[in-house]
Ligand code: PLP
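In structure tokens, the next block holds one chain alone, the form predicted on its own.
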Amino acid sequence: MNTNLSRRSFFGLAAAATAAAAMPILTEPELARAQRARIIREFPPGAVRIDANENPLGPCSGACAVMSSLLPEGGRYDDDLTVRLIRTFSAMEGLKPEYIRVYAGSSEPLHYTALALTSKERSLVIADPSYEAPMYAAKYSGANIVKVPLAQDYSHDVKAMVAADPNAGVLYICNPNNPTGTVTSRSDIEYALENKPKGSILLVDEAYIHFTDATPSLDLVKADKDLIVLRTFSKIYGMAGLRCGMAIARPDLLAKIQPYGTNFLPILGIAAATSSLQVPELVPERRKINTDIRNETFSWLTANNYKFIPSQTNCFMLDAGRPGKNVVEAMAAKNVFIGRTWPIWPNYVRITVGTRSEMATFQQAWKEVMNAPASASEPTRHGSPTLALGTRDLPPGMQRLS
């Protein structure tokens, strides 16, 4: 045994473990929980929970039946279920099975892509505001993090993103975007692919694509372009707690992220995902339910002169007209738990579209909070840990993560 190598490996692993303990890679449930922890320890009875982009409908009936039948098999590893899911999805989408890798949700391949393809020399370029998890992952690789404000229509400003850093490793496009629920056009995705820095890849996160009529990017994967597409069963399929997602890309790109993690997958989530794909009416039915309730909410907000960003998904940004963190606390006092703010828009809060009754309760609470005098005091800042910043100069209008 090479003792020196063993010692280096040991101390390297120890240092990584220490860093991980100090700076976790946060995802949607952790970010929502961190906000709630400032206010409560656990949800009170009857709480309206519209703070984490969950789907209150839960898994479809067929998925529930399949999971129930599989419970006695919970003591087994069943790889055949994963193979069946890949075959089902590949047949539906016309993809080769080797272009699909299944994970326990889409957070894992999102993190692994940032870890594998960014570094001290290769930055992460991300919209602002957008989903924060890639930034936490890129912190571990020592990457510069370049935040590019959204365009005027709240889509990704892809021209600014591709010009942001000639040494970019990953350009992250959440489409539709979290938290705004807005869509970046197919032509903009194609522009980014054609003009991105050499050697970089697009990471296109389609977690919310099923809520919209937007053109997906899977055919660009079929054409062997430089992108990784993420899909999840957490959103429209209502399986956030069951954990099933996918990374879809050329096999050589999937091979780059594979060393960062692979494990056996939970059989209930895998079986529920396969069952859900086999219900052709499920997505359009749930899209309509969400769209109807969202549009009813928008009509009410408009009638009451509240400012919001029109969304095409199950979440939207709502202007509180005052520090959003204060409003989050005021709403929680009424047993309505709404989503967080983003540093670039401190007066906006994210609202998840819940059931019709939940949104009615939200409307009543929101009006009461908005009609109450605003607090004169600024809320205590409870942000995410500060990420290490690079020193490379940026083009005008760009900013580093702070």
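Start at 1 and count along the sequence shown; that's the residue number. Bear in mind that the values here come from a model prediction, so they are computed numbers and not experimental data.
There is also a form predicted together with the named molecule; it is not shown, and the following applies to it.
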Non-hydrogen atom contact L110 with the named molecule in the predicted complex at 4.5 angstroms: yes
Contact label in the predicted complex: S106 to the named molecule, heavy atom within 4.5 Å: yes
4.5 Å heavy atom contact, K139 to the named molecule in the predicted complex: no
Non-hydrogen atom contact Y99 with the named molecule in the predicted complex at 4.5 angstroms: no
Interface segment, criterion being heavy atoms within 4.5 Å of the named molecule in the predicted complex, picked from 68-76, 281-289, 193-201, 170-178: 170-178
Single option in Y131, Y237, F211, F316 placed near the named molecule in the predicted complex, where near means a heavy atom within 4.5 Å: Y131
Heavy atom within 4.5 Å of the named molecule in the predicted complex - the one residue of T182, S276, T232, S217 that qualifies: T232
The named molecule in the predicted complex: contacted by all of E28, D205 and R243, heavy atom 4.5 Å: yes
